[in-house]
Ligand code: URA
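For reference, the chain that follows is the form predicted on its own, supplied as structure tokens.
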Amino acid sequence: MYAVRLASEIDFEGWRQAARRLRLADIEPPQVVWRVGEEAGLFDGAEPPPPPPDTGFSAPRAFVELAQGVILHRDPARFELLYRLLWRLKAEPELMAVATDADVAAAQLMRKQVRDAEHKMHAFLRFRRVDEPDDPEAVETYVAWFEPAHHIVERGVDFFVHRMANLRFSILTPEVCAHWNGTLSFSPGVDGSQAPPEDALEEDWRVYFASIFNPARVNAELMAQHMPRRYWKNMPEARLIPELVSRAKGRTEAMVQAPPTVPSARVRRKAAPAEVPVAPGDAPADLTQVAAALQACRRCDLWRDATQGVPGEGPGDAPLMFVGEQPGDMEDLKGRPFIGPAGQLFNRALAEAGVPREAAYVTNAVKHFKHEPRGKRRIHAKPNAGEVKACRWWLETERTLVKPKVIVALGATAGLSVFGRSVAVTRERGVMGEVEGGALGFLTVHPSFLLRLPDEASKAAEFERFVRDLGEAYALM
């Protein structure tokens, strides 16, 4: 029996050197006892023998990286587990790729638990100021108390050093304490009686936490998993959690029943483009005038609830025009078409189809966002035929100015505006022939249709078909 004594619980280099000597000397795992510090055991034996001449054996990088994480775990069996893996690697060089192996799975779980503990240290550690704020010569100094689940203080403190390099701070734990004053140092652990008292920022933490607490998204069980109760006593906002959770249901119901909010005047002013004079009854002479004149449009009532009119976007001589249904919530606020989730999917499909974005002018059949208020949310509502007809003047103005060779209608509403009649997308999808103005018309689905599909297989298949449609429309030019 051989005994290995490591300098500390996280003495990775000591474990690495000893494990290498043992492995080269062909000492099997059951013959080795691993100890930390000066502790001794009843069955401790001799020190590991000196290694024979190096045989060229080396551990793969995947194992070394895994061991560096596992060594920080609190399980005393981790040293034996790692050596057992190292022993097996000589005969099983691909062992680290076998995720179902019991030893590999146990080590991977330990590393995950160490990473989780380090994340919780970063997320749930709260500093309290201990210097005198009114003293002009005092250096800002903060102290935090934390009880980590594993030996992660030495590694986890780097996170705070990088973010608080110009301050002084200490992190106190029962095992080891970390200190930063321009130089990082460590000292033995302390007990909880030395945890810092509340400071002037405690109430600020609580106000901030209460303001960002969203009652509509409360899941108490999931919150307890991600924010274990063992850390609550060190977090100033924790005292609010029980009350906020108990009131969540009532607050959610009140939020849903509350009258809808509207964009502020500041948002409307910021979103409005610079005005370009257009005489009443005159058609805009260019796309800049279209964008300006659109803000005064009263052809239907949709302007009343929208933030602004959303004109098309793209080159003034684009050979390819895409027409969608109407702006969405994000487009309404930003004043630009196709920038929401459907627009992002559309851009990805264009790229896969090989259609250069700069060759396309994108716009909508209806220029204002039609929606239904639901609490603080604005839910898309489909424009009716009268609204499409009233807004067709704007689309025709854009078509006349841009003079595209191909116009692609995305969905049935766009088809009604482009072709002047109701269309059945599933039956008429594809080339539709010449439209008013001499351009060639093409009909396909709106990208939002793909977002609504219930399963990933259908989404993938329809996305490929949509990409083919865009490529075919581009080829028609």
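Residue numbers run from 1 along the displayed sequence. None of these values were measured; they are calculated from a predicted model.
Although it is not shown, the form predicted in complex with the named molecule is what the next lines describe.
Here the chain stands by itself, but in the predicted bound form one stretch of 390-398, 94-102, 176-184, 331-339, 331-339, has heavy atoms within 4.5 Å of the named molecule. Contact between Gly312 and the named molecule in the predicted bound form is not found at the 4.5 Å heavy atom cutoff.
Though the partner is left out of this view, Gln326 does reach within 4.5 Å of the named molecule in the predicted bound form, counting heavy atoms only. The single residue of 443-477 lying near the named molecule in the predicted bound form is His446, the criterion being any heavy atom within 4.5 Å.
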